[in-house]
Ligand code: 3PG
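The chain below stands alone and is given in structure tokens; this is the form predicted alone.
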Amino acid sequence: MNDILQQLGHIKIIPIIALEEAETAVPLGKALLAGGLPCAEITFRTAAAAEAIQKMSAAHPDMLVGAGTVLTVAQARQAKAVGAQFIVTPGFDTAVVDWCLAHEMPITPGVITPTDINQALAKGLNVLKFFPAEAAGGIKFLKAVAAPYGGVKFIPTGGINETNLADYLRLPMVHACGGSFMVEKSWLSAGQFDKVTEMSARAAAIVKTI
């Protein structure tokens, strides 16, 4: 397994963040680190994504900063250029996967069906994003779809919160979980980074109980 993906597996919880202002990235990174979460997935859902990745990576070299919601090869190329250390896609896009593999960029493509998982395995990938986790059926569905794939690890994302995080992390096929509950948009817009630190610490504490 790729070293970056191994590290994410040790951290266990990946904050997923859509930033409207790139300037927020540096204090946000500081808040996540203070709460015990040395990683972040900055999504390409906003125009600030690339600059935010660049700023957070430069200011906090001890963090694992990745790019999420990557939909195109152009976005993957841009993410790598600004310092992203891993790429996450919502679904399985062959062109994006092939580009990442060709450029030695760790990628966790989104899957939800056995067909998706088979496509990933054919590319040599065995750490996959399970999305949208709760909407698709949650833990019960994940157990069923993962059963035939003993060597595959999943990162459930979508509907993960403080209440169900531990239940997901206890599953042997779960590598880590992605969630946004520790980074509320209202906190970021109000500059309430202390709340990010507090909720990150609570999430990190849950990880330690597993």
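Throughout, we count residues from 1 along the sequence that is shown. All figures in this text were calculated on a predicted structure; none of them were measured in a lab.
If you look for the form predicted together with the ligand, you will not find it shown, but the lines that follow are about it.
> Decide yes or no: are 16, 45 and 179 jointly within 4.5 Å of the ligand in the predicted bound form, with each residue judged by its heavy atoms?
Affirmative, all three are within 4.5 Å.
> With a 4.5 Å heavy atom cut-off, would you call residue 86 a contact of the ligand in the predicted bound form?
Close contact is absent here: in the predicted bound form, residue 86 is far from the ligand, nothing within 4.5 Å, heavy atoms only.
> Does at least one non-hydrogen atom of residue 158 fall within 4.5 angstroms of the ligand in the predicted bound form?
Close contact exists here: in the predicted bound form, residue 158 approaches the ligand to within 4.5 Å, heavy atoms only.
> Quick one: which of 125 to 133, 109 to 117, 78 to 86, 92 to 100 gets within 4.5 Å of the ligand in the predicted bound form, going by heavy atoms?
Only one stretch passes the 4.5 Å heavy-atom test: 125 to 133.
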